[in-house]
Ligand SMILES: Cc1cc2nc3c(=O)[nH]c(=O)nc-3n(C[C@H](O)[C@H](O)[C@H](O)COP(=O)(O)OP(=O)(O)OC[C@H]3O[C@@H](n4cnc5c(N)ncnc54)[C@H](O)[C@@H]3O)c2cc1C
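The form predicted alone is given below as one chain in structure tokens.
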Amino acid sequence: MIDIKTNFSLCNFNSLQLDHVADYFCEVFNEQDCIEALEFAKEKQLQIQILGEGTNVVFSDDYQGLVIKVSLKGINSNEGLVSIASGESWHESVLWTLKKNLFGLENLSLIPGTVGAAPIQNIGAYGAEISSFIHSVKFLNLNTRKIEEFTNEECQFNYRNSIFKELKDYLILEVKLRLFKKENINISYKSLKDYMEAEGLDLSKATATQVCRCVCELRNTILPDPKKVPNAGSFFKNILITKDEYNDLREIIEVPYHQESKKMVKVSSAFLIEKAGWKGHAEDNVSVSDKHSLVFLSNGKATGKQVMLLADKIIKDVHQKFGVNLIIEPSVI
């Protein structure tokens, strides 16, 4: 029998430590728990919010409904296909695959959050995205209460997005990944390559373990540990624009970019935010990190409204100065 709590503080369940309250809260550890939680919500006619580690969400206010904290556990592999329960830590799962000599996820090391959250926004870093490795995603349909499974193609992945951001009425139970059985090193991302070269590593002989270590060290230099300094990681996505739009932007400012495709370019949101003068800016219990301008920091007393007010100011200012639109990366609830 699941334990339903009322008027429950979410402060310790989101990495910005926003002290908003949920009308109802429960934690689920298996599929039966999930079904019981749905039945409770149906009986009470409650809206539902699924929560992993809360590292990529912003509660803008108290939540009038049932928050379901997903804590399903389990990980195993069979012929290179790795099945991971949605409540497992993403980073610990990456380390597990490396110990089992299964490769491909090392560039995605140290990304905070659970495995279930990873396909929702198609997590990516240092030249890799999880969509390249996903075989399928198993989930519980919140409307039919039936277990379904989407193939990689059905997930409709694109940059920091998937069908799960549109569906809403689902609870991810398990993610299956197809990994390499031999090391297939990806050091295409400039900052990672430069860092490894500065470390004196022979890139022609680099190992997946070395890539994992360097990625972790790089992330630690720019992204504070949310357990020590409340934050939600990168608050804005990098900006995807056409080549023509990029050329227009260059008329205003020279900005770092990454060639995404023949027609599309990804430009650095952090660079534009910094050039607009927001790096290190602080107001009303919220600040922009002085180490990385994509990171919002909370002093532990911030409200969701204060966070969103600062975000709105930055979005408007960057658009006014550079003519591009910043897009918030975390889910705003």
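None of the values given here were measured: they were computed from a predicted structure. Residue numbers run from 1 along the displayed sequence.
From this point on, the text means the form predicted in complex with the named molecule, which you will not see here.
- The three marked residues, 171, 223 and 233, each reach the named molecule in the predicted complex, with a heavy atom inside 4.5 Å.
- Of the candidate stretches 260-268, 281-289, 300-308, 47-55, only 47-55 contains residues with a heavy atom within 4.5 Å of the named molecule in the predicted complex.
- Though the partner is left out of this view, residue 125 does reach within 4.5 Å of the named molecule in the predicted complex, counting heavy atoms only.
- The closest heavy atom approach of residue 219 to the named molecule in the predicted complex falls within 4.5 Å.
- The shortest heavy atom separation between residue 111 and the named molecule in the predicted complex is within 4.5 Å.
- When the named molecule is considered in the predicted complex, residue 91 lies well away from it, no heavy atom lying within 4.5 Å.
- Think of it this way: in the predicted complex, the named molecule has a heavy atom of just one of 37, 70, 67, 273 within 4.5 Å, and the residue is 70.
- With the partner omitted here, the residue from 120, 177, 211, 105 that has a non-hydrogen atom within 4.5 angstroms of the named molecule in the predicted complex is 120.
- Residues from 315-333 that approach the named molecule in the predicted complex with a non-hydrogen atom closer than or equal to 4.5 Å are 329, 331, in the order they occur in the chain.
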